[in-house]
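Next comes just one chain, in structure tokens: the form predicted alone.
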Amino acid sequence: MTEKYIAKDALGALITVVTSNGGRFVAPTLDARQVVYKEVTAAEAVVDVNDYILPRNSYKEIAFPQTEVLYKYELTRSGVDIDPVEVVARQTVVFGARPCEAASLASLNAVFTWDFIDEDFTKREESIVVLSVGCVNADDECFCTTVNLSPESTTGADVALYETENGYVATAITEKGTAFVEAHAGSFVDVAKGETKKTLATVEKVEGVDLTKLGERLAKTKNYDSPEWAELVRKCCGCGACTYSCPTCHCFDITDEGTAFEGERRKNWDACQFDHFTLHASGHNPRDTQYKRYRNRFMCKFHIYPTKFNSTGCVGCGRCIRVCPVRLDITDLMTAMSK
């Protein structure tokens, strides 16, 4: 598909059309003085793409909610009545996603369609249209190029947008993206002369990181109990902030909430960084110290994901570095483990 153009002034009309047809428009907006992904109904609520590196939260929660009811149950005289909750996904447009985060949905899809098709996830994912915006700015925590992505990557995006002075040059990447652009032809017009894409940010690769060597080292079982793990992650406090902010982390727990007579079965986000995550009913915990829990997360990103799913478990967004209260930098471990 040829390049199209959407003016910044036309964003409001696009939001109106999407929402008036029953859809949702999710974009970076201010909430408690932080930039976060939230549903918006007017262009005035959307933060300028130059005013943020990444929103505080990940939009993975659209396809994989923090908490969701699977079904309701009630104990009756004749047995247990089960009332499943049917997911009705409506079109959700995500505007302003960065290329690193756009690549993350494929990683989640690999997990949720692996040995069992999570239809709740796939219904929501199929309803999402991702409008990514190439990065004009970056910060010291960005390391997308280290994991083979870049500020202009289109992986996972349905429509890739590149900023100009007054709007965005748009390129449809997927069939879903092409259909979206065609359906909103009033907003996406031909590119006028003089509209030049802004220069994208330069993100340097982290020196010393070699993903091939890293993967080879993690694959060797003799390195599993290396004392280096405890030394490298000794300051981790197990708060789970890295996991909850990560766009590819997918751990969850299923709990019954209510009474023995009635209640709900819910799926809730969980984190492998919590001390009770692997606690057995017997009291035994195979990951009884924090470094073992962090080791699991690191191996998931750079060994299990690439081996089992042939996809990346880390997109280099840097959120885990930004939110860590003790400034534990995952790229330091990547460098050390590459040696």
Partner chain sequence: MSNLYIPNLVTIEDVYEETPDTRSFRLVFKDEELREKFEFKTGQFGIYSAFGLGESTFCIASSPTRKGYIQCTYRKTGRVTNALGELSIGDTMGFRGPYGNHFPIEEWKGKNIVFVAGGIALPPVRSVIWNVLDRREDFGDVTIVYGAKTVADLVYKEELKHWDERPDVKLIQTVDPGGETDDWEGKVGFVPTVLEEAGVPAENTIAVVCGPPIMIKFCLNALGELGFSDEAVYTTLENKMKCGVGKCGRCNVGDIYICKEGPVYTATEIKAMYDDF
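Numbering follows the first chain given and starts at 1. This structure is a prediction, so every number in the text was calculated from the model and none was measured.
Not pictured, yet referred to below: the form predicted in complex with the partner chain.
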Quick one: is residue 208 in contact with the partner chain in the model of the complex, heavy atoms, 4.5 Å cut-off?
no
Decide whether residue 253 counts as a contact residue for the partner chain in the model of the complex under a heavy atom distance cut-off of 4.5 Å.
yes
Residue 258: heavy atom within 4.5 Å of the partner chain in the model of the complex?
yes
I'd like to check something about residue 119: if you look in the model of the complex, is any of its heavy atoms closer than or equal to 4.5 Å to a heavy atom of the partner chain?
yes
Using a 4.5 Å heavy atom cut-off, which stretch among 146-154, 179-187, 200-208, 79-87 contacts the partner chain in the model of the complex?
79-87
Contacting member of 165, 225, 231, 175, with respect to the partner chain in the model of the complex [4.5 Å, heavy atom]
225
Just to confirm, with a 4.5 Å cut-off on non-hydrogen atoms, which of 241, 218, 135, 169 contacts the partner chain in the model of the complex?
218
Establish, in the model of the complex, whether 71, 115 and 267 all lie within 4.5 Å of the partner chain, using non-hydrogen atoms for the distance.
yes
Relative to the partner chain in the model of the complex, which residues of 283-299 have a heavy atom no more than 4.5 Å away?
284, 286, 287, 295, 296, 299
